[in-house]
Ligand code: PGA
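Listed next as structure tokens is one chain, alone, in the form predicted on its own.
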């Protein structure tokens, strides 16, 4: 049999997402490239690995055997690489990270600092939604995962590394922009634009209003922070986002943060990994780097609060 680790990794992603399209998005590949990798694996093994049931790709009986074997194989290779990296220390090695999309607004600064100090380190970074990060965390596919809400139901080590306040936003000409200390009951009468189900931001915001007996009137569910910002700018409703995603719009005035009683909702960025997982020298060094510098990196970003303060001083 001529099979590759790349084929096994791509097949696992398709099996996990039950979709060629979503696997392609996670792996930053085209859908035809993902299909080709799986087809080559099927040809090498001489079995059909996936059946299409409705819109989903379900592993066949043979596919489930390959899923188990692929996980064992990739885990073994990962352990081998980790042991070799430990022997080499920080001179060279590989760091694999999975982060929710909102974390991309501050994590590159931290990665840049770490890689400048350790130029021999190779980094594999997966930027995706919360549900996909949780799936990768449960399967121990990465050294470290970064997300905004601690995972429930998973036996993991989670550590807070920086503040991550959530705010409500509107376009500049919305009537609520001029008001102060707006009651949540008033805000809950406006149409809302929120992230997909399972998003940490959405869970936090809905929990806040539910505790007050309120249900947000959902106008639209969107899969990215940028899509929510553009929809709010377009006048489709109010949005709820991490404050750190609003730097550009803060400079242009395209979006305004509403002064709502109880907001911003204070939560924290978390770095997590499965309990009992042995961290490589590289992963432990980056974890230490996060703990030492993440708060400073987040606070150094051009948030709306800082923009407003600097504008007032000019």
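Quantities reported herein were computed from a predicted structural model and do not represent experimental measurements. Positions refer to the first chain, counted from 1.
What comes next is about the form predicted together with the named molecule, which does not appear here.
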Which residue, 198, 183, 112, 234, is the contact with the named molecule in the predicted complex, using a 4.5 Å heavy atom cutoff?
198
On the criterion of a non-hydrogen atom at 4.5 angstroms or closer, are 100, 129 and 267 all touching the named molecule in the predicted complex?
yes
Partner-facing stretch of 175-183, 112-120, 199-207, 136-144, counted where any non-hydrogen atom is within 4.5 angstroms of the named molecule in the predicted complex:
199-207
Does any heavy atom of residue 93 come within 4.5 Å of a heavy atom of the named molecule in the predicted complex?
no
With the named molecule taken in the predicted complex, which residues across 268-291 come within 4.5 angstroms through any non-hydrogen atom?
none
